[in-house]
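First, one chain by itself in structure tokens, the form predicted on its own.
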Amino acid sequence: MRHLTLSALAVAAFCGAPAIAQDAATAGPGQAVDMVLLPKFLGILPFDQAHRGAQEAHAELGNPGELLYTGPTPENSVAGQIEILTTAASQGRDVVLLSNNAGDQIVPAAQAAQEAGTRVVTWDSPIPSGEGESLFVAQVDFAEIGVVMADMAHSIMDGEGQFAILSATPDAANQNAWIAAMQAALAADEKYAGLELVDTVYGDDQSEVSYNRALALVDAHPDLELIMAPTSVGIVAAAKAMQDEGLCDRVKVSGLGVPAEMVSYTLNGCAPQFALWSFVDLGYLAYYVGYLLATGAIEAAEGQTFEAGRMGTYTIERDPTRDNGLRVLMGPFTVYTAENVEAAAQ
């Protein structure tokens, strides 16, 4: 099914303003929409969780079309994503749900897909320029992630000390935006004056590479007290590296991680605080957005509201983090500590 409309969305409840339910568009179940769920790459738990959420929405809507979950390897993520997107368009898929790891390199493929009638809905990580993208389903407000990471660093280091960032890849639009937001937060508030960001490195979202980069940071910065990893692969690898080398008392780890993977490191003090949102919900919401667009239930109009099943009412809004883009804002995220991580890890 093909409709040449564009769109983007935001959670009214998360922003503090109730949505107008009587104006909200609803999905007509049972329509055939072929979708591709395309993560940055295969093999990590958060993307598998997003797939589970998309499968839930697919069954709930009774879509007789196909939901294909496919992605590249970590080593070939950029070229692989471009190739899969191009192939999906050539095969006549209605929607590609993309967690972008190719920066603006993917724009030509995304624009060609849109011209062929395949909508490109980004989730988790958008196209930085917004070009070739129908809309972005944002997990949380990116500026707020920066504040949360700054607050966790401030809390863990008691307000002063050196820290470094271990990110995923240089082209990961979401992590680049979060790092920029954290740097802006550090500069904007005097309470962070004692925190010193000494380095930013990339582990390519591969466990072994991230593990080695974490140890290299410790070697390069003798006074380092914290590694901030805004990536679920990097945070686990860094925590394991500090644990294996007996460095947890000296260098803590924080960032964004999955409770089930982080519980032991939080309880033993290696990673006393970290944060995340529900990837199951993110996959569910992204699927609903793709389905609503493909069936013509919603248009790309700022201020339009729609219903997304169990997750409630959302509103299309401008993306304040990009000059050219619309978004749906899911929210919220949770900060995990020893007090709540065990329950969340179940």
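The shown structure was predicted, so the numbers you read here are calculated from the model rather than taken from an experiment. In this text, residue numbers run from 1 along the sequence as written.
The form predicted together with a small molecule is left out here; the points below concern that form.
Screening 65-73, 46-54, 284-292, 310-318 for residues having heavy atoms within 4.5 Å of the small molecule in the predicted bound form returns a single hit, 46-54. Interface residue remark: S254 is not counted as part of the site for the small molecule in the predicted bound form, having no heavy atom within 4.5 Å.
The small molecule is not drawn, but in the predicted bound form it has a heavy atom within 4.5 Å of W178. Although the partner is absent here, D94 is not a contact residue: none of its heavy atoms lies within 4.5 angstroms of the small molecule in the predicted bound form. Within 4.5 Å of some heavy atom of the small molecule in the predicted bound form lies at least one heavy atom of L276. Here is the short version: of T118, Q139, S134, S77, the single residue with a heavy atom within 4.5 Å of the small molecule in the predicted bound form is Q139. Though the small molecule is absent from this view, in the predicted bound form it lies within 4.5 Å of a heavy atom of just one residue from S232, T266, Q81, Q206, which is S232.
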